[in-house]
Each structure stands twice: as structure tokens, then as C-alpha cells.
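In the form predicted alone, a lone chain appears below as C-alpha cells.
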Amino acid sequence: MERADNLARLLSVAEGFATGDDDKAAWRGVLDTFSDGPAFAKTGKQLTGLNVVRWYFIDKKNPNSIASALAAARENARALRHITPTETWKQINMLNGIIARLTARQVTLPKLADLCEQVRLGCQAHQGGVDGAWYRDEAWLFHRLGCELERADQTTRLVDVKYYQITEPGDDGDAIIPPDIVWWNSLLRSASSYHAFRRRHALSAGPTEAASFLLFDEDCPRSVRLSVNEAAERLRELEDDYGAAPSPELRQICHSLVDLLARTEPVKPGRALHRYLDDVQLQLISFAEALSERYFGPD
């Protein structure tokens, strides 16, 4: 559900700033954000906005699509029906059904914003059901762990999606094309963080302030730092309340990731930021793999 929510956010941002259906650089940027270029190329379809959007929205052969994410969420909830709150199950079922019934003809660029908003609102309703009805046991802790790791990963990708438009090669490899302020405001809005940003910053969003806010603010619900700190807290609760201590490897990766996000200096969009986001994403992947091996492995 968290992945479907974030995919809808990213597609909405990309469409809003692409110059049209044939803006190959813009839509290739979306594919590069998820390292999906080779997978999309195998479909044999032309690189157009409409084809990329349909591939990410309703193509069930694409494991990273919204349709695939919602179908997986429904299957997971069905398998755990005995502990899944009724409200949560109904919401997953309903949203999955709506998206599963969409046809290619119904998914167009003019309709994309409304479709993305429908997915986002549906996922937020699901989260409300989780917060309001799920018993706070170890199952809830694992649910929150998964959500926080996915949110942290997807926020880094959201910040990185327009990397190709805000940098260009220079003699030092870091020449920056100043992005439009409107774009940064839109990015914050897509992350449901615009009003939170204005609580902290009185001026319109600049690249340094917006990127730093989404990465490091400790009170922004969708910031990477807060998500990682919350995941670390869930691990602590598993150990303290249920005697399920993380493995030494998992503990080390968690500490390393927390330290990586503990920086206080501002970040400037450019190749350095791109490399930093890559480091964060790789460590998040390592975190998820170590988590799976410790708690859900064959032993």
C-alpha cells in the first residue's frame, strides 16, 4: 500500500513537469528512478509518457506497478485475514478492485492526476484504518517497519526523480541548472509536505531547503530521517517487548543508516546529492534484506 501511494505521487509529479507525451528525457527519468529501463525496453513499447504511465499504473506483468502492489497487498491481507482489521481488509479490497478494473483506454495523461489522487486517498484511508483499528502487537510492529522502510526509500526516489533536469555535466561534474521554484513547491505538495515545510520555512521552497526538509527534518511525516528513526524504534520495541532481538548484522546496518542520515549540513541538488541518495537506497535495501533474513528466514 505504501508503494502504491508513493508511485502515484511520483507519476503525478513527473506528468506535471513533462513537456508532453514524447518528452523522452522526462519519462526516462521515471524509469531510471527505479532502475526499470531494461525491463521497460523488453516490453517493446515506445518510450512515451502514456506507455510509461500505463506500465506503472495497470500492467500486472510489471512487479513495480500500482496494480501489482495493490494485488500483493490484497493477497497478504487475505493470508493474514485472522489478524487484519475488517476496516483495513475492506479498504484494500475496494481499492484493489477499482484499479484492477481499469482499462488502458481509461488511463490517459489528462486523467492521470485524478487517478493518482484516487490511489493516494485510498492508501491514506487504509493507513487510517491501520492506525485506528489494528491491535498494537508484533504484527503491527512488522507492518510499521515495512511501511517506514518503503516510505524512506520512495522519498529518496521522489527527490531524485528530476535529477536529470537539475544537473548537467560540467568541468567539475557538478554544474547545476537552477530548478524552477514552482517545481520544488510541487515536489513538497506531492509528498504531502508543503504545509509542513511552510511551518518551518517562511519563504518559498528553494532546492537546498526543500531537499534537506524531505531528507532530514525530524518532524515531517514523510522525511527519510524520521522514517528510518521510526524503523529503528520498531526494532527496539521488538527486542524489549517481545524478546526478538535483531541480528548483529541487522543492528549494525540500522545504526549505520541512522548515522548516514544524522548529517546537519544542508544538501545542494547535484551529482553529490544523487550519489548520497544512492548510498541511502543501498543501505535501505541491505536493511530490508537483513530484516527478512532475521525474522522471516527458513530457520
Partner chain sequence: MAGSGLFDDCTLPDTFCEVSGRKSDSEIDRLFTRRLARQSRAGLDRRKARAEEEMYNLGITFTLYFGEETVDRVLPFDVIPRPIIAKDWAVLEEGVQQLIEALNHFLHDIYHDRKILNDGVVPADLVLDNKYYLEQMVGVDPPGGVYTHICGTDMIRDHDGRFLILEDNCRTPSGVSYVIENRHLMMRSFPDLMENARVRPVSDYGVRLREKLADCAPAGVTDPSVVLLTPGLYNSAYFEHVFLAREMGVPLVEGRDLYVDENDEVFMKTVCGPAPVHVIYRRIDDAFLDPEAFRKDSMLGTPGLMRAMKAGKLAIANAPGTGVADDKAVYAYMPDIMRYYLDQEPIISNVKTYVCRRPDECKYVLEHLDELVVKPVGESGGYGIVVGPKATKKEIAEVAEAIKKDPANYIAQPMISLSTSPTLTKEGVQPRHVDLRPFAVTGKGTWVLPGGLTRVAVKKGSIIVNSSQGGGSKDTWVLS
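Small disclaimer: the values here were computed from a predicted structure and weren't measured. Numbering follows the first chain given and starts at 1.
Only in words, not in the display: the form predicted in complex with the partner chain, which the text now covers.
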Among His143, Arg236 and Asp259, does every residue place a heavy atom within 4.5 Å of the partner chain in the model of the complex? no
For the chain shown here without its partner, which stretch in 71-79, 123-131, 105-113, 209-217 has non-hydrogen atoms within 4.5 angstroms of the partner chain in the model of the complex? 71-79
Indicate whether Glu117 is a 4.5 Å heavy atom neighbour of the partner chain in the model of the complex. no
Tell me, yes or no, whether His195 is in contact with the partner chain in the model of the complex, where a contact means a heavy atom of each within 4.5 Å. no
Evaluate Trp183 for contact with the partner chain in the model of the complex, applying a 4.5 angstroms cut-off between non-hydrogen atoms, and reply yes or no. no
Quick check on Lys90: any heavy atom within 4.5 Å of the partner chain in the model of the complex? yes
Going through 226-249 from first to last, which residues have a non-hydrogen atom within 4.5 Å of the partner chain in the model of the complex? Tyr242, Ala244
